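What follows is a single chain, given as structure tokens, in the form predicted alone.
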Amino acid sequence: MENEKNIKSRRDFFRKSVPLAISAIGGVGLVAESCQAADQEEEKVPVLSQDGQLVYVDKSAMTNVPVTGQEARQGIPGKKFVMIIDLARCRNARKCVSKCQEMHGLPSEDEWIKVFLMQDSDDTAPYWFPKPCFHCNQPPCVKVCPVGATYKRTDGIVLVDNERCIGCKFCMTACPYSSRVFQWNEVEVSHEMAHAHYSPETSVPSKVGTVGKCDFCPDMARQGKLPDCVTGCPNGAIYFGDKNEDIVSNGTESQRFSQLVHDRAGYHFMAELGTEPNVYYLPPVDRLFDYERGFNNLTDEQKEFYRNSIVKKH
């Protein structure tokens, strides 16, 4: 009970002391500068206060938290999980979004998978672009977390342990893909989900004041199952599998990972950043659907948003 009180007090402290929003450019710079200026004995950890000032907190007060599930932190032996998204098949059905939210008990405003309308140039037609967490081999988010709440596993998956997360948002600032979501409010979930045994592999039950993101559903991988975003896509646009076995599947067909990426000119989004994502994209060549079909079944507000916020790739 005493340990639980300590964890709660630390989380409450950081929820009050960290600002509501941190500039992506300024935030990373502050982290880097503060780490260089910190005591050589590393007894203090820098934290942004409500007014944007750097304060130093005892490192022991932040790290003396029990790790939840050593197995969940190590990963599945011998595996290297990857995802391939075929942009030629996506028509913004948004089933990947809704299935992910349903599985993790997320509110409608918290999307761990986001679908953007992308356009390579003014002369080309737009296309739909689903974007989960990329589970990078060189994840900036892991490097800046002061308490080890976000971590990289041997199987390539990056997870967040919300038993350790203090809500400082450094990981959100460091992620160049904006793949992370902060949980501001309590979420109503089923009794079963609310009382489930917590594991970073399932990400449920969630906690207010912590960060969440796409987790590649490693709990399902342990059972030999595909993530719900994969099986929920009606067009088979998302493949998931093991790079070491060289097999990926979209639920209806299986492909050699290496051959699919080679033959279809698979690529990494924003590869120039050097994060080495484990999510690959297949170019939107010979598309199965006109992008306009992606506006079907959307609200007028959603349609307006997409038409006014087309993302230019370059």
Partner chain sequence: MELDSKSTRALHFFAPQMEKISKAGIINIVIMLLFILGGVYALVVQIVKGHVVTGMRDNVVWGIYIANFIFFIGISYAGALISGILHLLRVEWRTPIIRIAEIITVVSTLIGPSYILLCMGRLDRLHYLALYGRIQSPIIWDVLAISTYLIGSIIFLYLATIRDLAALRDYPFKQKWRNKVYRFLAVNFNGNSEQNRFLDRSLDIMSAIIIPLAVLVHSVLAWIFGMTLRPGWHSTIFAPYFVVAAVFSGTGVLIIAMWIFRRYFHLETYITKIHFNYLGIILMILGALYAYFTFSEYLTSWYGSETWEMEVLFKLFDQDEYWWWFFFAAFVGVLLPIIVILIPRFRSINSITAVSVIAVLALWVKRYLIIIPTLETPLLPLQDLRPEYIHYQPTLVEWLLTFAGIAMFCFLFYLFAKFIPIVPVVKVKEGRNYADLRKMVQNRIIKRKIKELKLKEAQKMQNT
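Positions refer to the first chain, counted from 1. These figures come from a predicted structure and were not determined experimentally.
Unshown form predicted in complex with the partner chain; subsequent notes refer to it.
Stretch 201-209 is the contacting one of 83-91, 188-196, 98-106, 201-209, since its residues have non-hydrogen atoms within 4.5 Å of the partner chain in the model of the complex. The partner chain in the model of the complex is approached by residue 164, whose closest heavy atom lies within 4.5 angstroms of it. Residue contact with the partner chain in the model of the complex: residue 306 places a heavy atom within 4.5 Å of it. Looking at residue 270, you'd find a heavy atom of it within 4.5 angstroms of the partner chain in the model of the complex. For the chain shown alone, residue 213 is not a contact residue for the partner chain in the model of the complex, no non-hydrogen atom being within 4.5 angstroms.
Taking a 4.5 Å heavy atom cutoff to the partner chain in the model of the complex, the contacting residues in 102-133 are 109, 110, 115, 116, 117, 118, 129, 131.
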